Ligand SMILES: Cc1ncc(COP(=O)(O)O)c(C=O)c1O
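Only one chain is given next, in structure tokens, and it is the form predicted on its own.
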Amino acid sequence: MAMYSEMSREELLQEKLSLQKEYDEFKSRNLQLDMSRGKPGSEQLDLSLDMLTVLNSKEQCIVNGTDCRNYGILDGISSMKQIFADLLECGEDDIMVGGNSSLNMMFDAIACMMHAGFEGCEPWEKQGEIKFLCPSPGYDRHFGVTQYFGIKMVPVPMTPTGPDMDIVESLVENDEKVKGIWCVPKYSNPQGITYSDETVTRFAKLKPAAKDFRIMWDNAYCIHDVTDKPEKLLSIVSECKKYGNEDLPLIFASTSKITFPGSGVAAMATSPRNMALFKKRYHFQTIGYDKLNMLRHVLFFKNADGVREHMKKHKAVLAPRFNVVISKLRSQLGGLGVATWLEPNGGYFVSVDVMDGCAKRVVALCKDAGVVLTGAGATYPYGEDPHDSNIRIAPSFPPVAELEVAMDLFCLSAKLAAVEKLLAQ
């Protein structure tokens, strides 16, 4: 079939009639399918069921003379810190193990910097307007945290190698109001891009105008490969130490999409100077996080290699789902000029850019026919996609058979929205 933009008006009208008939048939099926968020499916949750019984004696609860059933150990048990240190390529002393949510730790980090000055600076809340750089499309919950604290968000375009570093360097090094940047450096949300070595090195070499500038390095998908072409991310820790900037990054990760999303273990890694600041806050916030949950994870995995082996099981579940999404996009939208997409080697999402001005319409068409997607605009600060084109597809939760139906409807909706736009011109 020819590209839609090359069709005559009469051909477009005929195509619209055909697509509308097919769409009405979908609506009559009363579907109830959800691809709105990157939740692990039940098959993935089953992979960690043995964790629920791995801790079953009083003796197992004693770690280095400390009873994990009781209060204490603010920064987490050593064996859990060792696992995260290995996965995040840093030292055990750089790690603080928290509760079940890395997003919670990110929120707390921002709150701390808002209320407590560091590097000899006033707390952020006392500095007037401050700004955060937001690589876009990006993670909507990052943007939500920033907006909650009233921090001005500045979009930065994503490139195939990460954020546009020319823009990042210019803003960070010339505007002292810029206090931070959000990053998902490996298999970015939603595009699945891994930052290149050059990008990581340029981050490490930044010379911020603001002494209290920090990089929020959300390494959520550090071991989440879904193909046989795993990508390697250069260590931000080693690079920052190389250039005398070890205080720049705050690194976050969790086991939320490795074990149980509501009962995982989160961690933050950063320099000793930064850690001292945050521990002062946590000292008043908690007497210690759930050490029994940490211990369950340690007994289940043994070490970081055990985590990596476990992720091969996740890959076996996820790969067919990603294959469905990519194959449907290729076979149904390829060559029509109505959408472009990236084919990630890992992470949890597939990012699709439909024809400019059509994303909201595509999401609405899918919803009306029974398939819920992430809202159009969610991948941009303030929910404002300047092109109204980006849509984040989350393949993990639906069973494969349902995912195939959902993708058929998505591709149909993308074509119908494109034809409607072309006819309206």
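A quick note: this is a predicted structure, and the numbers were derived from the prediction, not measured. Position 1 is the first residue in the sequence shown; the rest follow in order.
One more form of this protein should be noted, the form predicted in complex with the ligand, which is absent from this view; the next part is about it.
**Student:** Is S101 near the ligand? Define near as a heavy atom within 4.5 Å, in the predicted bound form.
**Tutor:** Residue-level check for S101: yes, a contact with the ligand.
**Student:** Taking the ligand as it sits in the predicted bound form, is M106 near enough to touch it, meaning that at least one heavy atom pair lies within 4.5 angstroms?
**Tutor:** Yes, contact at 4.5 Å.
**Student:** Is Y139 close enough to the ligand in the predicted bound form to count, meaning some heavy atom within 4.5 Å?
**Tutor:** Contact check for Y139: yes, within 4.5 Å of the ligand in the predicted bound form.
**Student:** State yes or no: in the predicted bound form, is some non-hydrogen atom of Y289 no more than 4.5 angstroms from a non-hydrogen atom of the ligand?
**Tutor:** Although the ligand is absent here, Y289 would stay clear of it in the predicted bound form, with no heavy atoms inside 4.5 Å.
**Student:** With the ligand left out of view, choose which of V184, M96, M355, V168 has a non-hydrogen atom within 4.5 angstroms of it in the predicted bound form.
**Tutor:** That would be V184.
**Student:** So which of N189, N274, T259, T194 reaches within 4.5 angstroms of the ligand in the predicted bound form, heavy atom to heavy atom?
**Tutor:** The option sitting close enough to the partner is N189.
**Student:** So if I measure heavy atom distances to the ligand in the predicted bound form, which of the stretches 314-322, 299-307, 213-221, 88-96 falls within 4.5 Å?
**Tutor:** Result of the contact check: 213-221.
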